[in-house]
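Single chain ahead, written as structure tokens, the form predicted alone.
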């Protein structure tokens, strides 16, 4: 499982040809020309959009379309469903063949893929310099994903802020409450988890074997990365990574975290009451709430922080996505649409949250009455306002161009370490793997 939401239900797999024909952009192809056409000036015209998941991203776009139409009745969107893997392939193909006129006006981009795409294929993107978007109204850590050399290339949308969700009934059986798991360190978490396991037989966490999601959340919680500022891999001699791997190893060996073999098994441990807690991006809440018999038995708090690591905090993220304006876009219209909706409409976020669970990165949305509503499933906590507040405290880190190659190599190293390989040797091999992928 990578750090983005895993979409499986009903996703249409589109070929590049199908996506291009469906796009048939009616945009002006104005690139970074912010003067706009006459349709742009009036807010009329059509924008083409590529994104995935009908029940989440596409639904949010359709809701944004309706809100923008309130003041621009001649406006419309032409939305094409494209899975993330196919979207990435399409972008690469168009960039390499210089067919930029086949790009949609707007497309969705996984946050952890932003650096790689902007650096490798800068001609795909328009920047947000003249968009009017106030990026100070988004968490710095989220804005940083799509910022290259100080320039913004993405408008944050899907909130990937990490949460620790716990089963309050299981904790109560062991004599604890959610407060005992709030603002703690990983050392404290392991101690508490061992006691919960001894008294209830339940692990505090489960996770998919070979996944690096928890390791990456630990790293970001300290503002750390697998790369330095120059983009060089720092898998060896990385204090934060060493601390995270030590914690993960102790979690597994103590039984406080139980590894399973697949994503489906991981979700089953949650819905079948086989774990006392979950640590993941807030999007995991949809899976948690798929067990209605557990309503009222969950609570949300922040993450444990790494002991003895400079810059360590109790806040992190896992996943999320942002909207890109392509170099082929009707820039003025695309920028005004996004600025008026995803960067300016509390109504939009109030609309999409109850129906889809789409949680805002736009900080003002967290101050609305909808976000402040107590959630019965979480024992009356106003978890949505809480998570938006968490998002403002997540440290920024450098994902790097070779983020996915590095995290995969670290995943292999962790498996080897758990099987008895010396950590320094396993991490050295991971470092060499990434350096080879980079052509070093």
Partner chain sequence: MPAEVGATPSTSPGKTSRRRSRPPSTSTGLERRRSLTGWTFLIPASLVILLMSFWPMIQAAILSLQTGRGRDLSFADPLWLNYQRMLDDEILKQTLTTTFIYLIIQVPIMLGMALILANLLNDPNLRFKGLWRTAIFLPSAVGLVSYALVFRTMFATDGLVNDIGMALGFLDSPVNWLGQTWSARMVIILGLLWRWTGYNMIFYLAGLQTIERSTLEAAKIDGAGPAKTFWYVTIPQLKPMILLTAIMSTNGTLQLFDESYNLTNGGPGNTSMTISHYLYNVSFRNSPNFGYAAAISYVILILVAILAAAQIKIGDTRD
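Predicted model, so just to flag it, every value in this text is computed and none were measured. Positions refer to the first chain, counted from 1.
The form predicted in complex with the partner chain exists for this protein as well; it is not shown, and the discussion that follows is about that form.
- This chain lacks the partner; the member of 378, 371, 68, 402 within 4.5 angstroms of the partner chain in the model of the complex by a non-hydrogen atom is 402.
- Among residues of the shown chain, residue 246 is not one whose heavy atoms approach the partner chain to within 4.5 Å in the model of the complex.
- In the model of the complex, at least one heavy atom of residue 95 sits within 4.5 Å of a heavy atom of the partner chain.
- The partner chain in the model of the complex is not approached by residue 137, whose heavy atoms all lie more than 4.5 angstroms from it.
- Taking the partner from elsewhere, residue 179 is found to have every heavy atom lying beyond 4.5 Å of the partner chain in the model of the complex.
- With the partner omitted here, the stretch from 296-304, 188-196, 236-244, 81-89 that lies within 4.5 Å of the partner chain by heavy atoms in the model of the complex is 81-89.
- Shown without its partner, the chain has 116, 120, 121, 123 in segment 100-136 as residues with a non-hydrogen atom within 4.5 angstroms of the partner chain in the model of the complex.
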